[in-house]
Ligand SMILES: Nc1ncnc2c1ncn2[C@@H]1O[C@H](COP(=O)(O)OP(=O)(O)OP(=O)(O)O)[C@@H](O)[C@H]1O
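Just the one chain here, the form predicted on its own, laid out as structure tokens.
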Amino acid sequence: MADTPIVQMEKVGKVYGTKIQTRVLTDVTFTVQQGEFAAIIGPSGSGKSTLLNLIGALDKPTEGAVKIGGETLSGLDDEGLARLRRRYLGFIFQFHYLLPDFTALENVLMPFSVAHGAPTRQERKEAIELLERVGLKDRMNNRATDISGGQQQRVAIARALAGRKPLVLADEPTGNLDTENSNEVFALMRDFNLKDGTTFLIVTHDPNLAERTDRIISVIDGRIAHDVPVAHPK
């Protein structure tokens, strides 16, 4: 259904360990609509990255339900979870995790290669267009080690969006960059949000970046402490 939230967290809790248990999340409930551009903030150890891993189907909750596009993740087997990730989810991390011996273009094509082997002509065309949109038209045939840190993170953004993913989870995407490159990376994510309707959930320690999103979800001691819209000057 078109009005189904892309993310639904319903009383989600997460505990690690068996004999010695560590509770990381408690009673987390919120929804994210398609097209939102939101930040998740909080001190180190508050549960932000765990929350992102649960939404990304990289981990399972101890209690409650996580739904992506209306599908409850706990009802899916490993193959079903992999299929859901391919359909819905792109990931951007603090460190780009590009394959160093591959070109920028080959790195962006990697999600297609993993999914079904050799990319199609249309997928290659899409990857080239993504690299053009992130300003790397003249660098797409450079190896990942032969471009700057800011350019590497732009490749990572293009890779996350390959396959027209409706939801991108970004864990400290500017944490390893200087101010200029941080602003450029943020601007690119916002551009894809505004022009393509891509939903972004961005974990960040940078209050200035968080204030430039449309919604701030604050996590403290594994609970949602605040969930507020950001008022932008007109």
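Everything numeric in this text was worked out from a predicted model, so none of it was measured. Heads up: residue numbers just count along the shown sequence, starting at 1.
Missing here is the form predicted in complex with the ligand; even so, the following discussion is about that form.
Exactly one listed residue, out of 49, 181, 193, 34, brings a non-hydrogen atom to within 4.5 Å of the ligand in the predicted complex: 49. When the ligand is considered in the predicted complex, residue 210 lies well away from it, no heavy atom lying within 4.5 Å. In the predicted complex, at least one heavy atom of residue 43 sits within 4.5 Å of a heavy atom of the ligand. The ligand in the predicted complex comes within 4.5 Å of no heavy atom belonging to residue 60.
Mapping the unseen interface onto this chain, residue 206 falls outside it, with no heavy atom inside 4.5 Å of the ligand in the predicted complex. Only one of 193-201, 49-57, 173-181, 65-73 lies within 4.5 Å of the ligand in the predicted complex by heavy atoms, and it is 49-57.
With contact defined as any non-hydrogen atom lying within 4.5 angstroms of the ligand in the predicted complex, the stretch 133-150 contains no contacting residue.
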